[in-house]
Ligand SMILES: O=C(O)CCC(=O)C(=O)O
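So this first bit is one chain, no partners, the form predicted on its own, shown in C-alpha coordinates.
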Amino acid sequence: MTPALETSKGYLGSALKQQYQDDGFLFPIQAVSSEQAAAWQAELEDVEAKWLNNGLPKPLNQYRRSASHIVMPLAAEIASHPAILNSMSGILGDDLMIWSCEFFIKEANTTHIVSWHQDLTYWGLGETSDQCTAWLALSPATVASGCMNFVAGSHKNAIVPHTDTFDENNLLSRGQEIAVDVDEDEATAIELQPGQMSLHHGLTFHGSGPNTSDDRRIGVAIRYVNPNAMQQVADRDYAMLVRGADRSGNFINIARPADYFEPHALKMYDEVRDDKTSALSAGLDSGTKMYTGSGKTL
(Lines give C-alpha, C1' and ligand atoms only; values in the text may rest on other atoms or scores of the structure.)
Protein backbone atom coordinates (compact mmCIF):
# COMPACT_ATOMS: atom_id res chain seq x y z
CA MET A 1 0.00 0.00 0.00
CA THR A 2 1.13 3.56 -0.73
CA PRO A 3 1.80 5.57 2.48
CA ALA A 4 -0.76 8.25 3.26
CA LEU A 5 0.07 11.73 2.04
CA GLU A 6 1.10 14.32 4.59
CA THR A 7 -1.64 16.89 5.21
CA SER A 8 -2.48 19.30 8.01
CA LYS A 9 -5.90 18.25 9.34
CA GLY A 10 -6.72 17.33 5.77
CA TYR A 11 -5.57 20.62 4.25
CA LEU A 12 -3.42 20.19 1.16
CA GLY A 13 -0.05 21.88 0.88
CA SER A 14 1.10 23.56 -2.34
CA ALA A 15 3.01 20.47 -3.51
CA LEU A 16 -0.07 18.23 -3.20
CA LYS A 17 -2.25 20.80 -4.96
CA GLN A 18 0.25 20.85 -7.82
CA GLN A 19 0.34 17.05 -7.90
CA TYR A 20 -3.44 17.02 -8.34
CA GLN A 21 -3.20 19.58 -11.14
CA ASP A 22 -0.50 17.55 -12.88
CA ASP A 23 -2.01 14.06 -12.48
CA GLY A 24 -5.76 14.69 -12.22
CA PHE A 25 -5.92 12.66 -9.03
CA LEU A 26 -4.45 12.46 -5.55
CA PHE A 27 -4.20 9.55 -3.10
CA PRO A 28 -4.14 8.23 -0.43
CA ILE A 29 -5.35 10.90 1.97
CA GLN A 30 -6.14 9.78 5.53
CA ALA A 31 -9.53 11.46 5.83
CA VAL A 32 -10.76 9.71 8.99
CA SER A 33 -9.60 6.93 11.28
CA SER A 34 -10.17 3.28 10.45
CA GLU A 35 -12.43 3.14 13.52
CA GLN A 36 -14.63 5.91 12.11
CA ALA A 37 -14.79 4.15 8.76
CA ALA A 38 -15.84 0.93 10.51
CA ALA A 39 -18.56 2.78 12.44
CA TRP A 40 -19.91 4.28 9.21
CA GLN A 41 -19.88 0.87 7.53
CA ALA A 42 -21.80 -0.60 10.48
CA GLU A 43 -24.39 2.18 10.28
CA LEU A 44 -24.77 1.65 6.54
CA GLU A 45 -25.34 -2.06 7.05
CA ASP A 46 -27.88 -1.32 9.80
CA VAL A 47 -29.73 0.92 7.33
CA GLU A 48 -29.61 -1.83 4.72
CA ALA A 49 -31.05 -4.36 7.16
CA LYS A 50 -33.81 -2.02 8.37
CA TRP A 51 -34.93 -0.53 5.08
CA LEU A 52 -34.42 -3.29 2.51
CA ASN A 53 -38.05 -4.45 2.80
CA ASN A 54 -39.58 -1.49 4.58
CA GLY A 55 -41.96 -0.20 1.93
CA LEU A 56 -39.79 2.42 0.26
CA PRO A 57 -41.20 3.81 -3.01
CA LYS A 58 -38.08 2.70 -4.89
CA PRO A 59 -35.59 -0.12 -4.30
CA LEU A 60 -33.17 0.68 -1.48
CA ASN A 61 -30.26 0.20 -3.87
CA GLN A 62 -31.40 3.16 -5.94
CA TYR A 63 -31.40 5.50 -2.93
CA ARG A 64 -28.06 4.08 -1.80
CA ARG A 65 -26.54 4.31 -5.26
CA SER A 66 -27.58 7.81 -6.29
CA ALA A 67 -28.13 11.16 -4.49
CA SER A 68 -28.17 9.38 -1.15
CA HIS A 69 -27.32 12.60 0.71
CA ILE A 70 -30.88 13.80 0.10
CA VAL A 71 -32.58 10.97 2.01
CA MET A 72 -29.86 9.34 4.15
CA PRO A 73 -28.36 11.33 7.05
CA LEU A 74 -25.31 9.03 7.01
CA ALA A 75 -24.42 10.11 3.49
CA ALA A 76 -24.81 13.79 4.34
CA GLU A 77 -22.72 13.30 7.51
CA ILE A 78 -19.88 11.66 5.62
CA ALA A 79 -19.94 14.20 2.80
CA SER A 80 -19.90 17.09 5.32
CA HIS A 81 -16.98 15.77 7.37
CA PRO A 82 -14.52 18.62 8.05
CA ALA A 83 -11.39 16.69 7.06
CA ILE A 84 -12.87 15.79 3.67
CA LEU A 85 -13.97 19.38 3.13
CA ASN A 86 -10.53 20.64 4.17
CA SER A 87 -8.91 18.60 1.40
CA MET A 88 -11.57 19.58 -1.12
CA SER A 89 -11.08 23.28 -0.36
CA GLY A 90 -7.52 22.93 -1.67
CA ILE A 91 -8.96 21.97 -5.06
CA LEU A 92 -12.21 23.93 -5.34
CA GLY A 93 -11.83 26.81 -2.88
CA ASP A 94 -13.69 27.74 0.28
CA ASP A 95 -17.25 27.53 -1.09
CA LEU A 96 -18.26 23.87 -1.39
CA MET A 97 -21.47 22.12 -2.43
CA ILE A 98 -22.36 18.43 -2.60
CA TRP A 99 -23.60 17.71 -6.11
CA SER A 100 -24.06 13.99 -5.54
CA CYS A 101 -23.17 11.32 -3.01
CA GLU A 102 -23.41 7.59 -3.54
CA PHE A 103 -22.38 4.37 -1.89
CA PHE A 104 -20.39 2.41 -4.45
CA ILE A 105 -20.49 -1.24 -3.37
CA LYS A 106 -19.06 -4.32 -5.02
CA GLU A 107 -20.20 -7.44 -3.26
CA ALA A 108 -17.66 -10.15 -2.49
CA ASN A 109 -16.75 -12.51 -5.33
CA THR A 110 -18.83 -10.73 -7.97
CA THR A 111 -18.12 -9.79 -11.56
CA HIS A 112 -19.38 -6.18 -11.64
CA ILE A 113 -16.90 -3.73 -13.15
CA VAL A 114 -16.73 -0.04 -13.98
CA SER A 115 -15.57 0.53 -17.54
CA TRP A 116 -13.01 3.19 -18.49
CA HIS A 117 -14.81 6.53 -18.56
CA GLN A 118 -14.72 10.22 -17.72
CA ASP A 119 -17.26 11.34 -15.12
CA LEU A 120 -18.14 14.62 -16.83
CA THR A 121 -19.29 12.91 -20.01
CA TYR A 122 -22.96 12.79 -18.99
CA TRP A 123 -23.28 15.16 -16.05
CA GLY A 124 -24.32 18.17 -18.10
CA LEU A 125 -21.69 20.37 -16.44
CA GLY A 126 -19.43 20.67 -19.47
CA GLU A 127 -15.66 20.30 -19.05
CA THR A 128 -15.43 22.51 -15.98
CA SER A 129 -12.72 22.15 -13.33
CA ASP A 130 -15.19 23.53 -10.74
CA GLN A 131 -15.85 19.95 -9.63
CA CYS A 132 -13.95 17.15 -7.92
CA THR A 133 -14.82 13.70 -6.58
CA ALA A 134 -13.71 12.37 -3.21
CA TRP A 135 -13.81 8.56 -3.02
CA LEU A 136 -13.69 7.36 0.60
CA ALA A 137 -13.02 3.71 1.46
CA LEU A 138 -15.14 2.18 4.23
CA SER A 139 -13.64 -1.27 3.58
CA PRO A 140 -10.32 -2.12 1.90
CA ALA A 141 -10.13 -1.10 -1.75
CA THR A 142 -7.43 -3.31 -3.26
CA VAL A 143 -6.65 -4.69 -6.68
CA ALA A 144 -8.33 -7.94 -5.61
CA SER A 145 -11.47 -6.16 -4.40
CA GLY A 146 -11.76 -4.02 -7.54
CA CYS A 147 -10.20 -0.69 -6.63
CA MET A 148 -10.24 2.18 -9.09
CA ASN A 149 -7.49 2.75 -11.65
CA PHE A 150 -6.57 6.23 -12.88
CA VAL A 151 -4.50 7.35 -15.87
CA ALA A 152 -2.24 10.22 -14.83
CA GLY A 153 -2.59 13.37 -16.93
CA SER A 154 -5.69 12.14 -18.78
CA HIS A 155 -7.74 15.02 -17.32
CA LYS A 156 -5.90 17.31 -19.73
CA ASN A 157 -7.97 15.80 -22.54
CA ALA A 158 -11.35 17.18 -23.52
CA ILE A 159 -14.29 14.81 -23.16
CA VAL A 160 -13.44 11.96 -25.52
CA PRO A 161 -16.03 9.87 -27.38
CA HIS A 162 -17.85 7.28 -25.25
CA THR A 163 -19.91 4.27 -26.27
CA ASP A 164 -23.04 3.26 -24.33
CA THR A 165 -22.87 -0.50 -23.82
CA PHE A 166 -25.75 -0.94 -21.32
CA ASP A 167 -23.87 -4.00 -20.11
CA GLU A 168 -25.64 -5.53 -17.09
CA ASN A 169 -22.23 -6.25 -15.58
CA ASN A 170 -21.30 -2.56 -15.63
CA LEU A 171 -22.13 -0.43 -12.58
CA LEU A 172 -22.42 2.77 -14.65
CA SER A 173 -25.88 4.02 -15.59
CA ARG A 174 -25.36 3.68 -19.35
CA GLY A 175 -22.48 1.22 -19.26
CA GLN A 176 -20.55 4.09 -20.82
CA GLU A 177 -17.07 3.27 -22.00
CA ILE A 178 -14.33 5.37 -23.56
CA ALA A 179 -14.33 4.68 -27.30
CA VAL A 180 -10.59 5.24 -27.70
CA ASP A 181 -7.79 2.92 -26.62
CA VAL A 182 -6.66 3.25 -23.01
CA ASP A 183 -3.16 1.99 -22.24
CA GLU A 184 -3.82 0.09 -19.02
CA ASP A 185 -0.07 -0.23 -18.43
CA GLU A 186 -0.09 3.52 -17.71
CA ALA A 187 -2.82 3.23 -15.08
CA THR A 188 -2.29 3.59 -11.32
CA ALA A 189 -4.16 1.25 -8.97
CA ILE A 190 -5.83 3.40 -6.32
CA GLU A 191 -5.55 1.09 -3.33
CA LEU A 192 -7.08 2.53 -0.16
CA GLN A 193 -7.41 1.37 3.43
CA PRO A 194 -10.60 2.12 5.42
CA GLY A 195 -10.70 5.83 6.24
CA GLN A 196 -8.49 6.80 3.31
CA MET A 197 -9.71 8.63 0.23
CA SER A 198 -8.67 9.69 -3.23
CA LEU A 199 -9.57 12.86 -5.12
CA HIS A 200 -10.04 12.95 -8.88
CA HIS A 201 -10.99 15.35 -11.66
CA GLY A 202 -14.11 14.63 -13.69
CA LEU A 203 -12.09 14.32 -16.91
CA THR A 204 -9.62 11.76 -15.53
CA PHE A 205 -9.79 8.37 -17.26
CA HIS A 206 -10.71 5.77 -14.66
CA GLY A 207 -12.32 2.37 -14.23
CA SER A 208 -12.22 -0.67 -11.96
CA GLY A 209 -12.26 -4.44 -12.14
CA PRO A 210 -14.35 -7.10 -10.36
CA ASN A 211 -14.25 -7.88 -6.65
CA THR A 212 -12.56 -11.27 -6.40
CA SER A 213 -12.06 -10.96 -2.63
CA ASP A 214 -14.20 -12.41 0.16
CA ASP A 215 -15.15 -8.96 1.50
CA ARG A 216 -17.58 -6.25 0.34
CA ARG A 217 -15.76 -3.35 -1.26
CA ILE A 218 -17.62 -0.33 0.09
CA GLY A 219 -16.77 3.18 -1.00
CA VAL A 220 -18.50 6.55 -0.81
CA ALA A 221 -18.20 8.67 -3.94
CA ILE A 222 -18.88 12.33 -3.13
CA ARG A 223 -19.10 14.73 -6.06
CA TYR A 224 -18.40 18.30 -5.02
CA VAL A 225 -18.80 21.50 -7.01
CA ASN A 226 -18.13 25.09 -6.19
CA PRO A 227 -20.88 27.63 -6.97
CA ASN A 228 -19.22 28.60 -10.28
CA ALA A 229 -20.21 25.27 -11.86
CA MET A 230 -23.34 25.38 -13.98
CA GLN A 231 -25.73 22.85 -15.47
CA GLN A 232 -25.72 23.14 -19.27
CA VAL A 233 -28.15 20.41 -20.34
CA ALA A 234 -30.98 19.96 -17.83
CA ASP A 235 -33.38 22.79 -16.97
CA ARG A 236 -32.36 22.78 -13.30
CA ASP A 237 -29.67 21.37 -11.05
CA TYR A 238 -29.34 20.90 -7.31
CA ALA A 239 -26.62 20.91 -4.68
CA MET A 240 -26.22 21.00 -0.89
CA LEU A 241 -24.09 23.84 0.46
CA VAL A 242 -21.70 22.47 3.10
CA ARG A 243 -19.06 25.20 3.43
CA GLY A 244 -18.87 28.89 2.64
CA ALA A 245 -21.56 30.64 0.60
CA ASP A 246 -23.33 30.32 -2.73
CA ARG A 247 -23.12 33.71 -4.42
CA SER A 248 -23.88 32.43 -7.93
CA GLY A 249 -27.31 30.84 -7.60
CA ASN A 250 -26.64 28.23 -10.27
CA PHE A 251 -28.08 25.44 -8.12
CA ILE A 252 -31.25 24.89 -6.13
CA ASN A 253 -30.01 24.40 -2.59
CA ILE A 254 -31.07 21.16 -0.83
CA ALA A 255 -31.48 20.87 2.93
CA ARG A 256 -29.62 18.20 4.87
CA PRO A 257 -31.97 15.32 5.91
CA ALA A 258 -32.85 15.04 9.61
CA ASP A 259 -33.97 11.41 9.46
CA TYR A 260 -34.01 8.51 7.04
CA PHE A 261 -36.36 8.62 4.05
CA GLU A 262 -38.61 11.43 5.27
CA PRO A 263 -41.63 12.02 2.99
CA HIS A 264 -40.58 15.53 1.96
CA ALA A 265 -37.02 14.29 1.29
CA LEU A 266 -38.32 11.42 -0.84
CA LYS A 267 -40.33 13.96 -2.86
CA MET A 268 -37.24 16.12 -3.33
CA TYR A 269 -35.23 13.04 -4.27
CA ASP A 270 -37.66 12.27 -7.09
CA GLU A 271 -37.49 15.85 -8.34
CA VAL A 272 -33.70 15.83 -8.33
CA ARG A 273 -33.51 12.41 -9.99
CA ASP A 274 -35.91 13.45 -12.75
CA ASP A 275 -33.87 16.53 -13.59
CA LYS A 276 -30.49 14.80 -13.35
CA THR A 277 -31.77 11.95 -15.49
CA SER A 278 -32.68 14.42 -18.23
CA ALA A 279 -28.99 15.39 -18.37
CA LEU A 280 -27.71 11.83 -18.03
CA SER A 281 -30.01 10.55 -20.77
CA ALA A 282 -29.16 13.29 -23.26
CA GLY A 283 -28.56 11.75 -26.67
CA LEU A 284 -30.40 8.50 -25.99
CA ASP A 285 -33.11 7.17 -28.28
CA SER A 286 -36.55 7.85 -26.78
CA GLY A 287 -37.23 4.15 -26.32
CA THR A 288 -33.97 3.39 -24.54
CA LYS A 289 -33.99 2.86 -20.77
CA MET A 290 -31.12 3.32 -18.38
CA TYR A 291 -30.44 1.13 -15.41
CA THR A 292 -28.56 1.55 -12.14
CA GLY A 293 -26.13 -1.30 -12.60
CA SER A 294 -28.24 -3.86 -10.76
CA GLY A 295 -30.85 -4.47 -13.42
CA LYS A 296 -33.07 -1.61 -12.25
CA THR A 297 -34.13 0.95 -14.83
CA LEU A 298 -34.19 4.62 -13.86
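Given the structure is predicted, the values throughout are model-derived calculations rather than measurements. Numbers for residues come from their place in the sequence shown, where the first is 1.
Just so it is clear, the following notes concern the form predicted in complex with the ligand, a form of the same protein that is not shown.
Only one of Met148, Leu138, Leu96, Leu199 lies close to the ligand in the predicted complex, with a heavy atom inside 4.5 Å, and it is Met148. When contacts are defined as a non-hydrogen atom within 4.5 Å, all of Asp119, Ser208 and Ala221 contact the ligand in the predicted complex.
Stretch 100 to 108 is the answer when you ask which of 100 to 108, 155 to 163, 74 to 82, 186 to 194 has residues with heavy atoms within 4.5 Å of the ligand in the predicted complex. Although the partner is absent from this view, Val114 contacts the ligand in the predicted complex, with a non-hydrogen atom inside 4.5 angstroms. Of the heavy atoms in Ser89, none are within 4.5 Å of the ligand in the predicted complex. Among heavy atoms of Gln176, none comes within 4.5 Å of the ligand in the predicted complex. Shown alone here, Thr133 lies within 4.5 Å of the ligand in the predicted complex, counting heavy atoms only.
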